[in-house]
Ligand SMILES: NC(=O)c1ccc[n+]([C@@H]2O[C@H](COP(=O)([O-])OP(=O)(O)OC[C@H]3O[C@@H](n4cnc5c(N)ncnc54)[C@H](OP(=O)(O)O)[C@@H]3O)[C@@H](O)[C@H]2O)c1
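Given next, in structure tokens, is a single chain: the form predicted alone.
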Amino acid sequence: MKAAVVYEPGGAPRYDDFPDPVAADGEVVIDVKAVAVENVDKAIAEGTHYAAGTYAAEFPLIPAFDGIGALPDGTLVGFGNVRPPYGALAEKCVVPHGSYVPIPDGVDPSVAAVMASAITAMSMRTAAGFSPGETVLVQGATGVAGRLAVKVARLLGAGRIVATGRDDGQLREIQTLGADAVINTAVPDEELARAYLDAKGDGYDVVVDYLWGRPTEILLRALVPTSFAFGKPTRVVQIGESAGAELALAASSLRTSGVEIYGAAKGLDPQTMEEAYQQIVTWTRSGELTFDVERVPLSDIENAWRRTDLKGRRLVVTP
């Protein structure tokens, strides 16, 4: 079969021949239809992600650990838990029985491949308990997941949406998606702190954070009151770390600001996960929620892997 093959840590995948996977007892071979390439896939292939020990222990390998494909009977499914070295970026891969779920009728495979990015945005409800009318701050709104978070916040009934990013042109696009105000984080620290305060209105109820690092450190510092006050609760949901894996957190940022910090997995269980997924499916089918994807053939994986011009579009590879 043809596949995207990585021969060494940090190397770009090459379109090459690779032995067909053979299902062992309790496994099934999947005919791959669409795979969304995300930063985590690249980090695993580079050996910098904690999951590299599972999915990139030996080379050569095929990257990506989930996608959309067809079972032997033709049923379209979303699959995961691939058996290394057979990652998803190939014509076929192999997974354990049960490591897949049917894709609803009427959802294009390329769209289904990126729906997980929208589900992360639902953490504003599952983790932070969002209620209609509240103010939402989306940190990192110009990325794929951040753009979807702006759309999801509007669909959930946010009263006000503030979005951050580093590119003024893309931030203008975010306003057309539903953001009421935007903040460019590529400014000096004091200017950024003022921007957070100027845009907060009555306060940020929920922060959907795909950045962490410097911008969120400045935000948390800016939310500390300058005089004695009962801080309005601000529920921060930590999802990504595109601006940095760490930050310095002053004690006062928690003690007096009303800030509460949650991981994105808070509140998740099989029921809440299914509810979030079904809501995304409903919006997708109705056309209320749209996805910006850049479709490329598997044969062009080496060039596609290195692309930096996607600007909010998710790269989706189709064999």
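These numbers come from a predicted model, not from an experiment. Counting begins at 1, following the sequence as shown.
Unshown form predicted in complex with this ligand; subsequent notes refer to it.
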Legend entry - Candidate stretches 152-160, 234-242, 126-134, 102-110 - the one whose heavy atoms come within 4.5 Å of this ligand in the predicted complex: 234-242
Legend entry - Interface membership of Leu211, this ligand in the predicted complex, 4.5 Å heavy atom rule: yes
Inset, instruction - Would you check, heavy atoms only and a 4.5 Å threshold, whether Leu219 touches this ligand in the predicted complex? - result: no
Inset, instruction - Could you confirm whether Gly78 comes within 4.5 Å of this ligand in the predicted complex, counting heavy atoms only? - result: no
Legend entry - Distance check, Glu294 to this ligand in the predicted complex, heavy atom within 4.5 Å: no
Legend entry - Heavy atom within 4.5 Å of this ligand in the predicted complex - residue from Ala116, Ala193, Leu71, Val224: Ala116
Inset, instruction - With this ligand left out of view, choose which of Ala179, Ala145, Ala90, Val207 has a non-hydrogen atom within 4.5 angstroms of it in the predicted complex. - result: Ala145
Inset, instruction - Counting only non-hydrogen atoms and a 4.5 Å cut-off, give the residues of 77-99 close to this ligand in the predicted complex. - result: none
